[in-house]
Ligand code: FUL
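The chain below stands alone and is given as structure tokens, in the form predicted on its own.
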């Protein structure tokens, strides 16, 4: 990805946004912890970034012309009359998403074929020329309303690549694209996330187009100052694969490719997102009904995305009726039920917990905060102490094979290395180790029977601050 330089909105772009900001600054930071504040390790998340990371799960919904042509990438010549979801129900999507634990829903308002799921003023290649509701339908409106009514945050995907529009690859197209962004970000209430990708075709003259990213970012910030810009943008970083797999060492702090957003010109809070589809393709294809990911596959993805300090963006594509298919819904239910059943029984809940160091100067931050199931409280050490041991005494031997750690990331990401031990025959035996923790870190290992667990933090950029230490007996899947 190329480094981009910020520029102000050009006078060519028509914008009628009700919200206005004077610059492209990120949202104001906000401390939400119930514990008294401690010094922050900069960079740290903005309030929208923190809320997003706490959400953990997002549903991607690829729906559009490709659903009806049985393609993954349309070429822009498709007849709008092909688009006709006869039983479309946005409330079904939202109900399924909410029941499976998703906090955000991202809709493909326009994919590479250029067909728009809303009646855009800037093109005829949209639902207004389809049979859906006799050309009076608006898929974006129905989904945004359903998300708002259902208590899920709504986001949009708007492909910069448009294989239908004749101006693609020119400055005129940048104006066209920004105008469409402004439509979506003005007419549909709060938009929590805007998802941009770097897919591109050949523009006029046979050259790869140079998208005007700064203009796009400015349009988004101008219309929706608190919307997070994802994938290709300064707020949320694409993990680098489409398998839903995070990195073993995952820092939310990264060197900036967007220097105008950084604290020191180099580093920014830029958390990662793992995207993957529940099916082999991103759009619905009946031929793939037997290839929906198994519960085991979805659980593995969860532990290697959410469990590695990343959010999971799982694509679930509606069928030609406009509904999420029964097999997809069933798989999501099985996945969510297994997670719910596992996480309902924290083996550390009634334990005695002690730490080798605890901070008491500005307030008390006891280790009990790690097992109180309150994400708003945390344990931390004295300011200058960057290594510490925490011992959890369960009172009697229990079988354990999964441990969860969570940092109080509103104060920055701190822990760089740690080791987990189990007490065996009055001695400590290493059962797991890792590098970064961040928002959430899951450690899986062979079952061990023990009455005591020790988490040893061996490296930290500042005094470690843990909000959660939990232990589970993960059943066979």
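Numbering follows the first chain given and starts at 1. Quick caveat, the model's predicted, so the values are computed rather than measured.
There is another form of the same protein, the form predicted in complex with the ligand; it is not shown, and what comes next is about it.
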{"query": "Exercise: residue 112 in contact with the ligand in the predicted complex, heavy atom 4.5 Å", "finding": "yes"}
{"query": "Heavy atom of residue 73 within 4.5 Å of the ligand in the predicted complex", "finding": "yes"}
{"query": "Residue contact check: residue 379 to the ligand in the predicted complex, 4.5 Å heavy atom", "finding": "no"}
{"query": "Partner contact for residue 195 in the predicted complex: the ligand, 4.5 angstroms, heavy atom", "finding": "yes"}
{"query": "Answer range among 346-354, 136-144, 104-112, 380-388 for contact with the ligand, defined in the predicted complex as heavy atoms within 4.5 Å", "finding": "104-112"}
{"query": "Heavy atom within 4.5 Å of the ligand in the predicted complex - residue from 282, 302, 213, 335", "finding": "282"}
{"query": "One residue of 173, 258, 217, 157 in contact with the ligand, assessed in the predicted complex (non-hydrogen atom, 4.5 angstroms)", "finding": "157"}
{"query": "Contacts with the ligand in the predicted complex - residues in 48-63 whose heavy atoms fall within 4.5 Å", "finding": "60, 62"}
